[in-house]
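This text opens with one protein chain seen in two forms, each one given by itself as structure tokens under the names structure 1 and structure 2.
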Structure 1
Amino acid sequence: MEVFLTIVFFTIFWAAVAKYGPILFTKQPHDDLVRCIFLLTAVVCWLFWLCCYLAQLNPLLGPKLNGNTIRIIASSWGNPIKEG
């Protein structure tokens, strides 16, 4: 569900960039050059983000960390190591 909402959010965001970007950017929003530029930008940025997101959706391997790194992560990122 969270995954679906994230994808929908970013898709809507970049669609809005493609549609309303020319209007906000220039006084001639119907200029084909400007529209083409914003549309292409939205498509490539959205696809780039999507590939990165999907690559991490179902990771097939986990990060290998050394002990010092784990302890630093525990103290810095608020993820304490369990006692025992």
Structure 2
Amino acid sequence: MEVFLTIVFFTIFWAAVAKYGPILFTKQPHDDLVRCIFLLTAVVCWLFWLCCYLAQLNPLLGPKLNGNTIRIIASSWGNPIKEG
């Protein structure tokens, strides 16, 4: 549930940047260019954030630990590995 809420929050945030960002620069000679820049900035930042966030949820590569380290961690967590 918290993953969904996080994605919704940041989507709303970047949508607000895209929609209300150009209001900060009203009556400029290049209004269309400013709107385009804010829109592209918001879309690219949101997409970059989404890719990074989703990549951390299910990483392709895990930590590379040797057998001794795994046994030490397992015993410190109270789950010793049975040799055999």
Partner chain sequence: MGDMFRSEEMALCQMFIQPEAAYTSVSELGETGCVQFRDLNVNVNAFQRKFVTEVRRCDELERKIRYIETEIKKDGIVLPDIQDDIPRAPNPREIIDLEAHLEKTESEMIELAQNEVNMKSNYLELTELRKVLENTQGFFSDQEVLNLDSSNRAGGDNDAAAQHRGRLGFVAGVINRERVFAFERMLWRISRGNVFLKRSDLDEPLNDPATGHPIYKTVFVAFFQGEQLKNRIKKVCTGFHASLYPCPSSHNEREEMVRNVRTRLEDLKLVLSQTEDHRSRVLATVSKNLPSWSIMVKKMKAIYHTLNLFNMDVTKKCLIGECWVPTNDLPVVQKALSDGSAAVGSTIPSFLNVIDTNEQPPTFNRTNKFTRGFQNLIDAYGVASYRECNPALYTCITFPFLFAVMFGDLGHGLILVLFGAWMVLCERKLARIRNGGEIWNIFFGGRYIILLMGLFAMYTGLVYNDVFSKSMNLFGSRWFNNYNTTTVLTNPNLQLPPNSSAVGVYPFGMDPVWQLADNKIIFLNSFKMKLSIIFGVLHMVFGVCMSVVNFTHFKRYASIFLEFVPQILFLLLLFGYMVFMMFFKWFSYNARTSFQPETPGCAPSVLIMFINMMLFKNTEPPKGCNEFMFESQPQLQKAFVLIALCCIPWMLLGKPLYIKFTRKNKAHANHNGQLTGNIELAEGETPLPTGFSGNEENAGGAHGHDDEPMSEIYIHQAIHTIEYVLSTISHTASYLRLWALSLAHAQLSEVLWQMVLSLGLKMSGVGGAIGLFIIFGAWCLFTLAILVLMEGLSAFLHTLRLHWVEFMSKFYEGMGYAFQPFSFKAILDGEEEE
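Computed from a prediction, not measured in an experiment: that's the story for all the values here. Take the two forms, superpose them, and find the largest set of C-alpha atoms that agree within 1.5 Å; that set is the rigid core. By convention here, residues take numbers in order along the sequence of structure 1, the first being 1.
Quick one, which of these two is the form predicted together with its partner chain? Answer to the question: structure 1 is the form predicted together with its partner chain, whereas structure 2 comes from elsewhere.
After the core is overlaid between structure 1 and structure 2, has the C-alpha of Ile12 moved by 2 angstroms or more? Ile12 C-alpha, core-superposed: shift of less than 2 Å.
Core superposition result - C-alpha of Ile73, shift between structure 1 and structure 2, Å: C-alpha displacement of Ile73 between structure 1 and structure 2: 14.2 Å.
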